[in-house]
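Here's a solo chain for you in structure tokens, the form predicted alone.
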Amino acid sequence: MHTLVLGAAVAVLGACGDNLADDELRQGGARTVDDRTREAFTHPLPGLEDGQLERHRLGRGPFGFQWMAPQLGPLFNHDACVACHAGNGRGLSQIGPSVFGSQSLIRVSLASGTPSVPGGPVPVPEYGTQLQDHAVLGLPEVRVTLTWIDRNTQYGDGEPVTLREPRIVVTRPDGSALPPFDMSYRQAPPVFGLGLLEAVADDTLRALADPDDADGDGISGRVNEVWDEVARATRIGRFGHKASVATLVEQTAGAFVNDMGLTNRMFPEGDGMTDVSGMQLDQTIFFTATLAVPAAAPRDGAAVRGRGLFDDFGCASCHTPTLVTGDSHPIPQLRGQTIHPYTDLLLHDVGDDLTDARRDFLAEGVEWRTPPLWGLGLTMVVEPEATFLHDGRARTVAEAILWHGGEAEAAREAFRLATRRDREALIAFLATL
């Protein structure tokens, strides 16, 4: 449960004294880099050996490469990893035929039927579990139109706020209707710090989980149990908006084949041929696993107050400030690190307003993985047009908070009803991450 792990495992989350503040600035532990420029997410882990640095450098190649036919496609969403992760940050909420390539995508599945892997989503005939809205030649699978709908609300002091939510219309290329199936619109998350998150032990995540809310705090995070294609077994998921992928191996291989149509050893063509070589796949996996985390900015008086409010409002109940990585990751530099990602990597019910009404392994429509907050204050430094939440609906961090519901409703209301001074203090703290 949350309270046990926060008190016993890390023993640092209850207060915000000077020593705690100094410790939390090193968000990636000893694997933190001191850069808060637009290049902040691009550095290799400090402490890599020469051979590892060379592997990291080589992995930057396939990650940044603009793939073209005959490897690309024939159906795809975009033509390069970096096209959806500029500066290794998040993608834009942008999809459709107006430009070459989409930085967001749509996952699909049927509500019932036979899944493609044990416990997984049920593929849609002809479309699988992801729609490709671009094609090398001819027509793509679908045509997608994105529009935004305004929703008005206000803070407790009467200050008005206009939120927005996406409306996605998906048709066949000729404009005709598709058969009914479940859809989930998502933008690409950041890719730095993933190796450290992979190195957090499964037992740590199980200890953080409290699926039955046994401690009565209103927070009932739970792990997603997903299929690991390499191990051929069910494991705890930790990557993706629904924690539906267990390892960086599968996350990377799946992105190659689903987002760019690039077959690889995990997802080969029918005759066993691949577009991405085994070496390229391994180099890309190592590259993403060894991207460092930037240091947090020093906190002024407002940000120090905001850090306390982060706890007081209840944000830390899901956005766990501190985790410790385990001792079994194959990359030694990722082991035994005290990190500050502000996530528990668990699924939480965040309310009907954010539901995608689509099941993903154990994750229900209203459940999403707690996204890490480290680097949050650099999001718009790296990509000035970036937005927040799984579908990019929030144009500011404050808007993202106001969309929270479900288990996070109490925290949202504490923020919404707070004085302007307190609201600005919390945002000031989050801007230092």
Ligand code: HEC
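A quick note: this is a predicted structure, and the numbers were derived from the prediction, not measured. Residue positions are given as counts along the sequence shown, with the first one as 1.
Keep in mind the form predicted in complex with the ligand is missing from the figure; the text below concerns it.
Using a 4.5 Å heavy atom cut-off, which residue among Ile331, Ala80, Val142, Val304 comes into contact with the ligand in the model of the complex?
Comparing distances to the ligand in the model of the complex, the residue within 4.5 Å is Ala80.
Consider the chain as shown here, without its partner, and state which of Ala292, Ala199, Leu323, Val350 has a heavy atom within 4.5 Å of the ligand in the model of the complex.
The option sitting close enough to the partner is Val350.
Classify Phe388 as contacting or not contacting the ligand in the model of the complex by the rule of any non-hydrogen atom within 4.5 angstroms, answering yes or no.
Heavy-atom contact with the ligand at 4.5 Å: present for Phe388.
Heavy atom to heavy atom, is Met380 within 4.5 Å of the ligand in the model of the complex?
Met380 lies outside the contact set for the ligand.
So in the model of the complex, does His319 come within 4.5 Å of the ligand, heavy atom to heavy atom?
Close contact exists here: in the model of the complex, His319 approaches the ligand to within 4.5 Å, heavy atoms only.
Hey, in the model of the complex, does Asn88 get a heavy atom within 4.5 angstroms of the ligand?
Judged by the heavy-atom cut-off of 4.5 Å, Asn88 is well away from the ligand in the model of the complex.
Stretch from 247 to 255, 147 to 155, 201 to 209, 112 to 120 whose residues place a heavy atom within 4.5 Å of the ligand in the model of the complex
Answer to the contact question: 247 to 255.
Pick out the residues of 419 to 433 whose heavy atoms come within 4.5 Å of the ligand in the model of the complex.
Result: Leu426, Leu430.
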